[in-house]
Structures are given as C-alpha cells and as structure tokens.
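What follows is one chain in structure tokens, specifically the form predicted alone.
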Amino acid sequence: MELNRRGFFKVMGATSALLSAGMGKARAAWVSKAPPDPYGCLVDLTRCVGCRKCEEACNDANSLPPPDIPFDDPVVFETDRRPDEKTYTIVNRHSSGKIDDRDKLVPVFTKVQCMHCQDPACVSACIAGALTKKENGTVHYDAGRCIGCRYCMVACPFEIPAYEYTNPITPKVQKCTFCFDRIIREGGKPACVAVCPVEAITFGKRNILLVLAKNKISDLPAKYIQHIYGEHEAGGTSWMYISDTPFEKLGFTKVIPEPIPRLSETVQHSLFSYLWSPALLYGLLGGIMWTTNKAKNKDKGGSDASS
C-alpha cells in the first residue's frame, strides 16, 4: 500500500491530536509531591564574608577528603568552582560592581550546594529509587539502591550531582546531604549553618524563611533586589537566597518556575499512558522511513535510466 503525501500528513495530524489530548490529561493529573512544611535554609549573600568555614564544616561532617587548596587560602577564589564528588559545597567570589570607601571593588561571596528542590528532577529521573524527597526537605540518596545510570546528573537543572568516576569498585553519586542525620536523629542544624560566624545562613521551616526573606526585602528595599532565589525556581527549593546584586551576575542558573517533573512526567505519561502510543509512534516512524526509501529508490532508478 502506498503512503502518498496527503495520507502522510493525515497520519501526522491524527498523531499530533492524539498526543495533545493525552498530554492534556497527563498535565491535569500531575500532582506535586513536595512536602507541605519542610526545613530550608535562607542565605543572605550581603552577610557572607567568604571565610569558607561552611566548606570546612561540611568536609568534616561528611568525612570528605582534604581539599586541593586549604580552606584558609584565598587563592581558591581566583577561579569559579562547582561542587563535585569530593566537595559537597563551595564558596565562589564575584564582583558586585560597587566601589567601597577605599576605591576597591566590593566582592560578593556565593555558597553553592544541592538546592534540595521541592519537586526534584533528580528524584523523578531516578529509575532505581535511590533518590527520594523526605518530609524534612532533604533530597536523600541511598547508595545501596543506586545502579549508576547517572540520569540524576542529566536531569538536575542546577548541575549538582557528581559521580565517583575514580572509584571503580563502589562508585556513588555524591552531593550535599542536607546533614540528614543531624536534622532527623539529633534535632540539630546542618553543619554549615551551625558554623557560620556571621550568621549568613538561617535554618528553619521553609514557609517561615520565606516570610523572613520578604520582610528583609520590604524593610530595606534599597539594599536588596526584589527577588528570592529559590522561592519559585524549578517549583521552589529548600535552599533560598537574598542579595543586593542581581543573581545572574553571581553565576546563579536561570531556571524555569515550573517543577521540572511536571514537564518531563507529562511528556512521559502522554506518550506511554496508552498501550497504543508506542505502536503508533513506531508505525509513524516506519511510514516515514518507507516513504523516504521509496523516493530514494525512485530517484536512483531514474538516474540510472537517464545514463
């Protein structure tokens, strides 16, 4: 049976309509799995002095290897860094563009770690259930269930999870743990929060932290920019920031306000919520290939005859 141009576009139109209908149902059915009252951290970047005490405390609390550059060596600020399999949190230095009384540029220090999203893309992408979102706000990693697929690394909009490529026997995905044991079993704070000498990090319930951040911005509108980073990014995160410098100048990732799983799971459900969806798609692709090959063979036969 031949698939002519008109027939081909009829199939394409029908397929698009069916997938659109399925997507609408999937979008309506998607429900956020975010805990209602999780813990969080609010970082006031105007207070951070770049002492790296948070890095040192994190290193000690998680028994991580010593850093390549000592914690008291300011040369580390000469390059931007990212958390990796040996370092769960890092502090970078940026320029605010402002000049102080001594005609020197005013630096802004930014702490970077797993954001512990309300609806984490890494959890949605993990096919083994090694990553889960806990009621206390932690995105928790279970190394015993991890199969090393690294889908979490691809899914994370903040590019945080890191893999132990140098560990050939028992490699793990590494990231900030939000000091899960300290919060759950000891009723304490994350190590980085407890050690901060200038109290740049406030730990507490996320809803209360949002009120605190909004009050600070409202009370000092000339000091803070009108944006709480993490309030809406990727559907909201447990780590949030306020600043006197635009976040795009400080290396913060620009992320859509919708939860990433809402988009990815909607597409998945739209394609595979009905048994006929894969068959329809493969049939459509087969029809395209058949039509293309037939056209190529016809052209080839025509050129041979002309010669």
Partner chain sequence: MKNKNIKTILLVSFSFVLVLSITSATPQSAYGAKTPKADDVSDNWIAEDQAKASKRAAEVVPFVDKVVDECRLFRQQKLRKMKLSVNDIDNSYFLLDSPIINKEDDQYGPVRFMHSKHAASVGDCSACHHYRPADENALETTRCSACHQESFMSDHPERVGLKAAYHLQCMGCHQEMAEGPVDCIGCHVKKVPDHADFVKLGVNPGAIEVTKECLRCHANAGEDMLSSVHWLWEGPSPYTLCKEKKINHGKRSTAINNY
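Numbering follows the first chain given and starts at 1. Bear in mind that the values here come from a model prediction, so they are computed numbers and not experimental data.
Omitted from view is the form predicted together with the partner chain, to which the following refers.
A.B. asks: Applying a 4.5 Å heavy atom distance criterion, does residue 198 contact the partner chain in the model of the complex?
C.D. replies: Judged by the heavy-atom cut-off of 4.5 Å, residue 198 is in contact with the partner chain in the model of the complex.
A.B. asks: Is there any non-hydrogen atom of residue 135 lying within 4.5 Å of the partner chain in the model of the complex?
C.D. replies: So residue 135 does not count as contacting the partner chain.
A.B. asks: At the 4.5 Å heavy atom threshold, is residue 227 in contact with the partner chain in the model of the complex?
C.D. replies: Residue 227: no, not in contact with the partner chain in the model of the complex.
A.B. asks: Is residue 208 near the partner chain? Define near as a heavy atom within 4.5 Å, in the model of the complex.
C.D. replies: Contact check for residue 208: yes, within 4.5 Å of the partner chain in the model of the complex.
A.B. asks: Please identify the residue among 76, 176, 90, 193 with any heavy atom within 4.5 Å of the partner chain in the model of the complex.
C.D. replies: By the 4.5 Å heavy-atom cutoff, the listed residue in contact is 193.
A.B. asks: In the model of the complex, does each residue in the set 53, 102 and 212 place a non-hydrogen atom within 4.5 angstroms of the partner chain?
C.D. replies: Looking in the model of the complex, the three residues 53, 102 and 212 all sit within 4.5 Å of the partner chain (heavy atoms).
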